[in-house]
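Single chain ahead, written as structure tokens, the form predicted on its own.
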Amino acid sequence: MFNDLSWSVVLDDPGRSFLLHGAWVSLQLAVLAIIGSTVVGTLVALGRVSTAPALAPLRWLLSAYVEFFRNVPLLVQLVFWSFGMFSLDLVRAVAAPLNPVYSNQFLAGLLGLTIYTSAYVAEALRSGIQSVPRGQLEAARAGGLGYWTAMRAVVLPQAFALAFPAIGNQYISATKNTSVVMAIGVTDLVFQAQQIESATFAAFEAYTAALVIFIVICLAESALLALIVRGMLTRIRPGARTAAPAPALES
């Protein structure tokens, strides 16, 4: 059976170029979604841990945000953004300046991945913030720092170090979740593998190549995140590098 396989359809052009283009699109989606979800997730986490009575409605809205986007399937969200929101003239007009670089399908996929992942990042970071002893924030405030300055300079660095294994797992999940965007027409790695299969009927070769590329990307990402975890733990806990291994990251 394996003697009938023709790996030239993925090792030679045009199949190789299709896969490389798809991998590049998937990597762009993953990196941009990771950056975006980190920013949004941090803001959401900070809002959820605030204790000011005046911010109670905001805390409720942010809690609803987290619960809603964590409990709606990613595919449903992607379809909503692509065929729902991006069908509106106003949204298309806002996205138009980016269209020379990114298609509306790509932008819808990026938006969906970012919002979906940010809900998980926010919850992980919220737990990390609550794991930092309250006395450290109070000591920073007593030293003359404002609440938000103390959070940024004292609490957040420790919270990120404590929560980064969980956050890192969400980064890896975001990378793997880029495979779903083919459903809305984004020319990612899986989409390109499907194109090769449709043209050559070499389904095993095409999807095996996509699988191997995803494994390489995710394993490399996992190794990089593990190094970051060790560096963070060493900064907040001197000797952590030798005292204990870094928390495991799933791939």
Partner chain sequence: MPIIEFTGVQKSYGDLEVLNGIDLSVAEGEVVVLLGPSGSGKSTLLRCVNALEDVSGGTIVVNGRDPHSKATNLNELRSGVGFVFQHFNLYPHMTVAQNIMLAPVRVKKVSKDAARRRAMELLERVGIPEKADSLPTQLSGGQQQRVAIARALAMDPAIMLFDEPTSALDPEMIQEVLEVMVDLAGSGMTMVVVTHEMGFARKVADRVVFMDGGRVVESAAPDEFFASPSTERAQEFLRRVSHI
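Computed from a prediction, not measured in an experiment: that's the story for all the values here. Positions refer to the first chain, counted from 1.
Keep in mind that the form predicted together with the partner chain is missing from the display, and what follows is about it.
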Name the stretch: of 173 to 181, 128 to 136, 72 to 80, 87 to 95, exactly one has residues whose heavy atoms fall within 4.5 Å of the partner chain in the model of the complex. 128 to 136
In the model of the complex, the residue from V154, L107, I115, A124 that sits within 4.5 Å of the partner chain by heavy atoms: V154
Looking at A119, L111, A166, A140, which is the one with a non-hydrogen atom within 4.5 Å of the partner chain in the model of the complex? A140
So, T149 and the partner chain: in the model of the complex, are they within 4.5 Å at any heavy atom pair? yes
Heavy atom of R230 within 4.5 Å of the partner chain in the model of the complex: no
I'd like to check something about P100: if you look in the model of the complex, is any of its heavy atoms closer than or equal to 4.5 Å to a heavy atom of the partner chain? no
Non-hydrogen atom contact R16 with the partner chain in the model of the complex at 4.5 angstroms: no
